[in-house]
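The chain below stands alone and is given as structure tokens, in the form predicted alone.
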Amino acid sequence: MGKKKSDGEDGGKRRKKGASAEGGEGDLARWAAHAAELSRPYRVTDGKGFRLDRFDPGDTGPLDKGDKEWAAEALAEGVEALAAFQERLYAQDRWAVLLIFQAMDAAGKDGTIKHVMSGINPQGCQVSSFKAPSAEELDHDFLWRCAKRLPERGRIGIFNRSYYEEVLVVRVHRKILDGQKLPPGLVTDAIWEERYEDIRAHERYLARNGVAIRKFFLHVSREEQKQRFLERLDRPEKNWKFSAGDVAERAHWDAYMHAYQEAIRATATPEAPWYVVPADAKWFTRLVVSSAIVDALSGLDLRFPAVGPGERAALAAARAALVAD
């Protein structure tokens, strides 16, 4: 997984195709090893000294444009592996998984979620999209609306935006704080550090209660965002995706990059790591995200529940009754 096809090996021959439940634990272990190799360069577990400019939005790791076909095949295998791990997650009913996606407009969050999670059983996965808070949500603390959507044990929860908006868009547009009904004395220059502290405590609490958290910042360049906006304007079938407000937000690009850098620096921890995923090449973005999720799930020791002697005897009796029917 971590080598280019130009090294003399055909990507489709390097491993058995289909790291699925039917492929067995060996196939899953091999895919997990490849997934870790590809995704871990983009993982941030300690934000101390983090610099966003050290990550290139156009990076494609060990791959290049000529590897797009192979990357598509690898993504398909990753989807199969996710489905296999998700089946074990659901059956074991011990862990919950929370995937948080943050990005600038047009970075590809929706498409990434769609492609990466395409093989997951809908019964074991739930997607929550968070837009501007409602009047009811503004009458609660900033974590409340997301806490209501946390996944149950055995399930994967996906947040398309999240409570991180409170230290991103709200930090860039400070006037939003005026509508959050906070007592004036609590809105000080320390509010962002206080919110980072609250987020770290919240995520540590979730991790201690069996929620595996992975956070993704899809890092798109300003030029690539411009091209995607133009495409939305030039193609009638994509006009619905465009909002004039998206262009207005570009004027705050540097402020947003600073806000993202500070948020990742303050909240990247071993129990809730960030992945700064290059987003200029969608095919590579999806492969990295898929690999990061497989890597996370493979570390949870997910297994189908064992059947004890008494239960095996009951199963044998049930089988005998069915055969005799």
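Residue numbers run from 1 along the displayed sequence. Every value quoted in this text rests on a predicted model; they were computed, and no experiment measured them.
The discussion below concerns the form predicted in complex with a small molecule, not included here.
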Report task. Scan 169, 147, 207, 76 and let me know which has any heavy atom within 4.5 Å of the small molecule in the predicted complex. Result -> 169
Query raised in the report: Between the options 182, 230, 176, 247, which residue brings a heavy atom to within 4.5 Å of the small molecule in the predicted complex?
Result: 176
Query raised in the report: Tell me which of 213-221, 105-113, 119-127, 196-204 has residues with heavy atoms within 4.5 angstroms of the small molecule in the predicted complex?
Result: 105-113
Report task. Examine residue 251 and determine whether its closest non-hydrogen atom to the small molecule in the predicted complex is within 4.5 angstroms. Result -> no
Report task. Using the partner position in the predicted complex, report whether residue 165 sits within 4.5 Å of the small molecule, counting heavy atoms only. Result -> yes
Requested in this report: Look up in the predicted complex whether residue 88 has a non-hydrogen atom within 4.5 angstroms of the small molecule, and give yes or no.
Outcome: no
Report task. Report yes if any heavy atom of residue 155 sits within 4.5 Å of a heavy atom of the small molecule in the predicted complex; otherwise report no. Result -> no
